[in-house]
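Given as structure tokens, the chain that follows is alone and in the form predicted on its own.
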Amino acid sequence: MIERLRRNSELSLILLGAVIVGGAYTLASLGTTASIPANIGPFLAVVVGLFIAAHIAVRRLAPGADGMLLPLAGLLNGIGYVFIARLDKNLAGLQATWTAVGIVAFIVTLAVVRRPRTLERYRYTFLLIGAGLLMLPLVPGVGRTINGAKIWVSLGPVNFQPGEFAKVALAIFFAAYLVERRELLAMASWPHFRPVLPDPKFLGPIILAWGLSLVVMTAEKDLGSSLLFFALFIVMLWVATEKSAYLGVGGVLFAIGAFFSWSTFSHVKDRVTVWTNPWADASDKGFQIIQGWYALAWGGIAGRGLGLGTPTRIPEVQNDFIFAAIGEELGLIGGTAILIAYLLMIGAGLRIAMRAEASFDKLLATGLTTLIGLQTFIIIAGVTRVLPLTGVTLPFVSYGGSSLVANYVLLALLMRISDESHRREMRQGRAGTAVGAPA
């Protein structure tokens, strides 16, 4: 009964999201060309068809999974597509293709991963996969530098960012490793005069995570992914051991690495300089962030209207600065609605983590949710100048096939953990009923 209610609610929310996306697509076309788009029918059919296919897969493969995650992802994905189509029709076609690939990856992940704990046995395999993917852009002849960051890989006609998939693999490894070693990591035995941390020999993974983050920051010039990977491990370590000392140690390590990078590498220094004073080079390095501010300011409370803004003046607006485009045309109200959608998604992920019984499931759900939350915070904080601007994407919204596919895999893993928790609760309920039944 609960499963049917969840799936019916999910279907209703998907259809509601399709109506919102279809309306936004129509309004964007009216604002741009003063005409209703001729392809509105096929557009809605494709949107509804893709997410109905995902819904059917969930109904069959994970019927007890949370009913909020897929509709929220579909809504964010749809709104992102509307803005990408409004900015560049060619990119819109590619984004539609990647959305279809992402939905296929979502369904395949649900079909292949039937029990989350089977992933735990392959912890070191996922470590090798994650580290290998992170280092892949540094391989001569394969890696590509685009917009100053060496985070791309070209295999024939296909270009992708392996780091987007590395984050999922490393989250699985971190969860499995911490389940295995969390008691040792929680024991304070060093330094001897005032123990606050475990024996240094157990801190190897922290040093490894720190080293990987420095490599990504310095060699690949990717500040956002560097912060994301290291913060992911520190948060999971803190949750696993319940020792706040790790937050302090992690902060100190990252501060040391950041200062070293700032003092040694010019590209890191440039990012910090633009962050502290973009007006110092307003026509070049600070141009993007200044134009993003203007866009948000012009949006005001209610926005200039879909299709009525001028977001194309912002360089790479479809990637790093799509939130600024949303803020200009939908205003503070629209930007807040996007943030609320992310908060609902993060809340659903944390609820899944709390309900999970197995330690691995808890930590993996926490890590995957942390990835969504941190990535959202890092890019929006960069647009609004709370943090230095980085190259991460806004999950499900920004243009980018690698990010979209990886996030749908992440979503499927969260829903698998949710379904596993539901099935356990149902088994316990039936066992309790059998025990309490009269003889």
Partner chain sequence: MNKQIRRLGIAMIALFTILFAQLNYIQVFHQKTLNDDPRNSRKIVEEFSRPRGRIISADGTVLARSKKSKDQFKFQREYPEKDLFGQVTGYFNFNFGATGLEASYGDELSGQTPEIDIHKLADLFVDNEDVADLTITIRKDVQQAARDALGNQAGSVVALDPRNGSILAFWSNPSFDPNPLSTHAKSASQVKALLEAAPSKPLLPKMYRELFFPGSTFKVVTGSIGVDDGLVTPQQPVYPVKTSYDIDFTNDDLSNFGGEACGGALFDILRVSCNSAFAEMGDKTIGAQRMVEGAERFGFNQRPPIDLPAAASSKFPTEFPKNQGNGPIARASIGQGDTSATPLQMALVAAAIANQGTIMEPHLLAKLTDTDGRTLHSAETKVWKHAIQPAAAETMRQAMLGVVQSGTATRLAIPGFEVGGKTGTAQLGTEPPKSHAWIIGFAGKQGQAPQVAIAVIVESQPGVSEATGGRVAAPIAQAVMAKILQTQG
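Computed from a predicted structure; not experimentally measured. Residue numbers count along the first chain shown, from 1.
The protein also exists as the form predicted together with its partner chain; that form is not presented, and the subsequent description refers to it.
Peer 1: Does its partner chain come within 4.5 Å of any heavy atom of Ser213 in the model of the complex?
Peer 2: No - in the model of the complex, heavy atoms of Ser213 and its partner chain never come within 4.5 Å of each other.
Peer 1: Decide whether Leu27 counts as a contact residue for its partner chain in the model of the complex under a heavy atom distance cut-off of 4.5 Å.
Peer 2: No, Leu27 stays farther than 4.5 Å from its partner chain in the model of the complex.
Peer 1: Quick check on Thr276: any heavy atom within 4.5 Å of its partner chain in the model of the complex?
Peer 2: Outside the cut-off, so no.
Peer 1: Is Arg385 near its partner chain? Define near as a heavy atom within 4.5 Å, in the model of the complex.
Peer 2: Heavy-atom contact with its partner chain at 4.5 Å: present for Arg385.
Peer 1: Can you pick the one in Val104, Ala219, Met187, Val239 that has a heavy atom within 4.5 Å of its partner chain in the model of the complex?
Peer 2: Of the listed residues, the single hit is Val239.
Peer 1: Exactly one of Ile84, Leu134, Leu363, Ala73 has a non-hydrogen atom within 4.5 Å of its partner chain in the model of the complex; which residue is it?
Peer 2: Residue within 4.5 Å of the partner: Leu363.
Peer 1: Does its partner chain, in the model of the complex, lie within 4.5 angstroms of each residue among Gln161, Ile207 and Val249, using heavy atoms as the measure?
Peer 2: No, the candidate spot makes no contact with its partner chain.
Peer 1: Any idea which of 286-294, 88-96, 265-273, 117-125 reaches within 4.5 Å of its partner chain in the model of the complex, heavy atoms considered?
Peer 2: Contact criterion met by 286-294 only.
Peer 1: What residues, if any, in 344-362 have a non-hydrogen atom within 4.5 angstroms of its partner chain in the model of the complex?
Peer 2: Ile346, Leu350, Ala353, Met354, Ser359, Lys362 sit within 4.5 Å of the partner.
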